[in-house]
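Single chain ahead, written as structure tokens, the form predicted on its own.
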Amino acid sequence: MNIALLGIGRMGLPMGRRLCEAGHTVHVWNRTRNKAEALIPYGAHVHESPADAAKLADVVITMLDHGGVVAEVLFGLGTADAMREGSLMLDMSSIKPIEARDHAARLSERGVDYLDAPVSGGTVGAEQGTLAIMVGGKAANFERALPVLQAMGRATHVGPTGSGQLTKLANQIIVGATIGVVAEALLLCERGGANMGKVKEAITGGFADSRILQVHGQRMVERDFAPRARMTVQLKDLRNALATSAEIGFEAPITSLFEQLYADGVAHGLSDLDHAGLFVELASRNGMS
């Protein structure tokens, strides 16, 4: 297929590489051009504007920071007007469900189909092609998109438009809260005199084991908070979850608690840390290094 990929950041770069390696013709754009040029060795074509990248595409993929940026690229920079009638838009960014539904409606007026398809798995999943892809929209469009999605990971159709983003919010609530619980538990053990690494080893295989314990817990043991997914991204997703909760009349006290903890961490200068850096905020509250 002819694919346009808009947004070549930490996730977009390995996703673009996998699309090229799967044999698709890939047209790319990024606001900072040299990031898009990193895909040239894999056969991608770099364009000066998102509209230029999109005008010949069967499928247009966005992988951008938030809903406001997605709207700007689609409707402010002429991308939607440049897309061919009958083409398919795949928004793989993490945005609010209400924004996804709005974008879908506006594109439908132009004869463009739409799927919201956010991902989980981080840069490692993007590099390995093992992303969990949560897709909302029409089933026929999902089937049509599968050859593209399967180059990047495992896709699941979860319901109508906006459902993919709703599922991603559920994912981020679980991830963000579990990071905080793991951090608090390990810090409690360290304060009490136990070896954090051995505590993690002892818990492994029991009911408290999880991928978060294994991946983020190990980062905590090693004090490795180099950003894979930043604290600010986790905070954005929790705030989107709370906004969606308010929209549908759902009380989310646990999400509210963790939104405040991540917000405090960001306010205390931890913006550029991995989201496992919530450990640093909780350590600081307890006077621990």
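For clarity, every value in this text was computed on a predicted model and none was experimentally measured. Each form is matched to the other, and the largest set of C-alpha atoms that superpose within 1.5 Å is called the rigid core. Numbering starts at 1 and runs along the sequence shown.
Beyond the structure shown, there is the form predicted together with a further copy of the same chain, which is absent from this document and is the topic of what follows.
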| said: Check residue 288 for me: does it contact a further copy of the same chain in the model of the complex (non-hydrogen atoms, 4.5 angstroms)? | reply: yes
| task | Indicate whether residue 87 is a 4.5 Å heavy atom neighbour of a further copy of the same chain in the model of the complex. | result | no
| query | Hey, in the model of the complex, does residue 42 get a heavy atom within 4.5 angstroms of a further copy of the same chain? | reply | no
| request: Give a yes or no for residue 80: in the model of the complex, does one of its heavy atoms lie within 4.5 Å of a heavy atom belonging to a further copy of the same chain? | output: no
| request: Could you tell me which of 129-137, 104-112, 87-95, 145-153 sits within 4.5 Å of a further copy of the same chain in the model of the complex, going by non-hydrogen atoms? | output: 129-137
| If you look in the model of the complex, which residues in 251-271 sit within 4.5 Å of a further copy of the same chain (heavy atoms)? | 251, 252, 253, 254, 255, 257, 258, 261
| For residue 62, is the C-alpha shift between this form and the one not shown 2 Å or more after core superposition? | no
| request: Take the rigid core as the frame of reference and indicate whether the C-alpha of residue 204 shifts by 2 Å or more between this form and the one not shown. | output: yes
